[in-house]
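Encoded as structure tokens, the following chain is the form predicted on its own, with no partner shown.
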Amino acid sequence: MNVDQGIDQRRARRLNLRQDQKGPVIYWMSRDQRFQNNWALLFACRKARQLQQPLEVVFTLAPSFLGAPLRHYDFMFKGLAEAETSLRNAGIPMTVLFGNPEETMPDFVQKRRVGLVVSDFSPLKLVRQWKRAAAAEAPCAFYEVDAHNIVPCWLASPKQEYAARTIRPRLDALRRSFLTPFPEPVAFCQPASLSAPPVNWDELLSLLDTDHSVRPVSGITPGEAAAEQRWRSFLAETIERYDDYRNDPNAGAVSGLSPYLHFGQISAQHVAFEASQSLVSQSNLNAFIEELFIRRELSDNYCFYNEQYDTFDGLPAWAKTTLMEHAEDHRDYIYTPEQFEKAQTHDLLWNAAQLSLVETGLIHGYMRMYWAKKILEWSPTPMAAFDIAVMLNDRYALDGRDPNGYVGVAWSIGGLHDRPWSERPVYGKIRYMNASGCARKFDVSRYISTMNRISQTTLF
């Protein structure tokens, strides 16, 4: 497919009112760290061809990003190194700017006499702040392209949606027009003299203000190729068990794509399109698409329209009311953040879930719900519980600092996208979970044993 085909203009929006200029086209890569199946890169390729200008890719690296530790930078840098190689093989140089993006990006645009900037989309408020500042300073047009969602976030809904049932009809109505294959990224106007020195990722790592105590994980290979291999394996061998076994953490029935989707090393649209073209049964396809498409894009919707997405204050009014009514209820156990972090609770199942997070950087989706709800039950206040859950998830999970993570905590602890349930101590009307319910769904002893075996060596 030609690069000028298949790019829906509704994916792009202007972040300033300036015009395209003569000068290099810059793709500011951020959330979508891949070469293939990337609408932002494809949009930049098309702009470069239309203007007969060269294309360059820039990645801005802040000294610290929302407290991300070494584990996350290690995974990201290895993926970016692969993306850099693919870009250079296509004649597209990649430059990393170290420092505050609000300063480094406008400075780069001025010095390079850039003709226009294309950025990918993130609903996180810090990233949006960077882009607003850069777009305001840029003397040229500044575009944003949603390369992460199947349906662009701002098009899916003009407001914060109440639940999956309210956004699902909107997304389903637009799915057919947006669920398409991708063209190949081609840069047409790359002069032989256009180059940038190879990125020294090890040197950049040494410049970061990051916590080295949270070590890289060894059980998952970063990068676009590994993400594609993982997806192919799931599609060929596992997806037909998804609907029946996705809530069993022992079954190995989930895709394992969460870290790759978080770092943009694989496209959700690419995955959804291939799944829809496969021979997978309808029940398994529907269950998988519900998580990959509806729930993920509902999470982006929440973060895009609610700037308090990472705080207790962002929760629905009914949930905050019921939680505060029960804030002083007796709790059988109360643990400190350090005790939670070190998996030092009385509950072997909860400890196993925390050990999974710490040791592997992953936690099964069903167990993450149980994990967060017990933090609510064993924290001195619901506000403290929310902060502890966000802290632990962002610190250890490879998919931390992500809309899915914030929404997962907000759903589990604060009733987001849920409804009031029967009232009980501590939880109020928030949906309750307990170990007995887990035991009805899967072999709890086996899960605990597996996690304890994995954590024979510990970070503590």
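Residue positions are given as counts along the sequence shown, with the first one as 1. Keep in mind that what you see is a predicted model, and the values were worked out from it rather than measured.
Unshown form predicted in complex with a small molecule; subsequent notes refer to it.
Residue heavy atoms within 4.5 Å of the small molecule in the predicted complex occur in exactly one stretch of 424-432, 30-38, 411-419, 47-55, and that stretch is 30-38.
The three residues A268, A287 and F293 each lack any heavy atom within 4.5 Å of the small molecule in the predicted complex. Taking non-hydrogen atoms only, N393 never approaches the small molecule to within 4.5 angstroms in the predicted complex.
The small molecule is not drawn, but in the predicted complex it has no heavy atom within 4.5 Å of S299. Contact check for L124: a heavy atom falls within 4.5 Å of the small molecule in the predicted complex.
In the predicted complex, the small molecule stays beyond 4.5 Å of every heavy atom belonging to K373. Among the residues L362, L355, A253, M76, the one placing a heavy atom within 4.5 Å of the small molecule in the predicted complex is M76.
Screening F304, F234, W130, Y143 for any heavy atom within 4.5 Å of the small molecule in the predicted complex leaves a single hit, W130.
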